[in-house]
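First, one chain by itself: the form predicted on its own, in structure tokens.
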């Protein structure tokens, strides 16, 4: 199964850092997200060059990822098509997870 089957994601950016907020569609899938969606897996899946930090927000049933050096320099210096990294959320949702 892919992550988009059980979750949705929002993306934000500041400079060369992208933030990804991941929410389960059903509260009972939060523990599965905690188990399956680690910072190491996110970094490898997205090909982020810098550090990826994961923040657990159990009261919101959400995970947030801070992805450093993820935007090829950021909006003002990057020649990438998606300088804000909005597609990183969709790419994250394509990650395989196991129930």
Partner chain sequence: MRIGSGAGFAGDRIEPAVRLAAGAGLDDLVLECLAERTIALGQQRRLRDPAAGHDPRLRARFRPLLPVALDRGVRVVSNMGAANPLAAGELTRDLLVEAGLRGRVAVLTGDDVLDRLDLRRPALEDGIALADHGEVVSANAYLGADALLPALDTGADVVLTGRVADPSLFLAPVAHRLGWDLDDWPRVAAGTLVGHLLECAGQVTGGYFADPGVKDVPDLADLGFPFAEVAPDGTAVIGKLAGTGGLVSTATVREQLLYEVTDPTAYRTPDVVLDLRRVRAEQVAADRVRVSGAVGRPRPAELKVSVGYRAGHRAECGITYAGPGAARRARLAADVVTTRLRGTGLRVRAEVLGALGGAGEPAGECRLRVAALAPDPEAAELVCHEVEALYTNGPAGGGGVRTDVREVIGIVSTMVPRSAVRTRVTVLEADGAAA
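Positions refer to the first chain, counted from 1. Keep in mind that this is a model prediction, so the values were computed, not measured.
Separately, the form predicted in complex with the partner chain exists; it is not shown, and the next lines address it.
Within 4.5 Å of any heavy atom of the partner chain in the predicted complex lies no heavy atom of residue 51.
Not displayed here, the partner chain is approached by residue 62 to within 4.5 Å at the level of heavy atoms in the predicted complex. With a 4.5 Å cutoff on heavy atoms, residue 66 counts as touching the partner chain in the predicted complex. Interface membership of residue 99, defined by any non-hydrogen atom within 4.5 Å of the partner chain in the predicted complex, is ruled out. Contacts between 1-35 and the partner chain, taken as any heavy atom within 4.5 Å in the predicted complex, involve 4, 8, 9, 10, 11, 12, 13, 14, 15, 17, 19, 21, 23, 24, 25, 27.
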